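The chain below stands alone and is given in structure tokens; this is the form predicted alone.
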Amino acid sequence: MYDLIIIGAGPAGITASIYAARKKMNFLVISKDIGGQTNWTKNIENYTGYLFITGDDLVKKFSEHLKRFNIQIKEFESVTAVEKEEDFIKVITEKNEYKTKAVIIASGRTPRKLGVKGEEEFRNKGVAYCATCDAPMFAGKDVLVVGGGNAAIDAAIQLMKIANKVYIADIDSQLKADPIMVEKIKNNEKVRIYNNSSLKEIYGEKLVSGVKLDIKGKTSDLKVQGVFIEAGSVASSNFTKGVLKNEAGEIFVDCGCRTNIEGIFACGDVTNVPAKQIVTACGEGTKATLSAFNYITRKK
């Protein structure tokens, strides 16, 4: 029987675990990876204390902090269910079953799929969801980035240093990304932006060779060898049972990261907290563990 189980090891889960270690709690971390969405980010310029740091380097810093406290982590293990029993909570994975007095859900988000023709067929054959991971494979090629938010423009910035041409298809009339990011691509001769456009089909033989775009109501054919889908993400909360969520699948929490079920807490991008930022997730992870610690202490 654990005092606490933390699901996820992104910025929120890592911070929650560090605070749990400092509180000398008997706890376990279960996560598919270390770093979460930080692994997908190339350059970070808004994390307090660092004028600039890469996503890879920040994940290394996170890992060093975890090792310092000798935190027990079940890595590469996916949670399939969280169930509240009378006097404990059961956390079920595809490998094991655990019992705990409290749970912190910090499972983050996963990339949103568009569901267009060819998307699944050409996944990892030209279709990618992470420029930080996959951009080097498209050196000298023509690529399409789908989306107009910060993630999409960050992908375009990475790709314009590597690819031959970078096309951006954005469903809105103007890019939603931060102006400072948009400025970096605006006058680059490699980049072409299609506003009011959407991806309709991805085609090719063994690998992607082109796409069909709907641009202002007209279908256009575009020859590309890579498609980076950066159309946002969805909360990784489908394993929760009885926890209140909004239409987007985000878990409702109060200012103490408490859910509607006693003993179950949530923090970071999986929740309805509006600011999806690394630094925000860290703060929410802190609050979640302090709330869980107080809950367990009061229960004793």
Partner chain sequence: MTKNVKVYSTETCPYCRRAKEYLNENNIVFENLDVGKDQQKAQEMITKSGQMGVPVLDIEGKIIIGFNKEKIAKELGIQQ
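Residue numbers count along the first chain shown, from 1. Note that this is a predicted model, so its numbers are computed, not measured.
What comes next is about the form predicted in complex with the partner chain, which does not appear here.
Taking the partner from the other structure, the partner chain in the predicted bound form has a heavy atom within 4.5 Å of a heavy atom of Lys42. Among residues of the shown chain, Asp56 is one whose heavy atoms approach the partner chain to within 4.5 Å in the predicted bound form.
Looking at Lys186, you'd find every heavy atom of it more than 4.5 angstroms from the partner chain in the predicted bound form. At least one heavy atom of Lys95 is located within 4.5 Å of the partner chain in the predicted bound form.
No member of the trio Ser237, Val243 and Arg258 reaches the partner chain in the predicted bound form with any non-hydrogen atom inside 4.5 Å. Residues of just one listed stretch (131-139, 177-185, 110-118, 164-172) have heavy atoms within 4.5 Å of the partner chain in the predicted bound form: 131-139. Only one of the listed residues (Lys90, Lys190, Lys125, Lys200) places a non-hydrogen atom within 4.5 angstroms of the partner chain in the predicted bound form, and that residue is Lys125. If you take 70-99 and check each residue for a heavy atom within 4.5 Å of the partner chain in the predicted bound form, you get Glu75, Phe76, Lys95, in sequence order.
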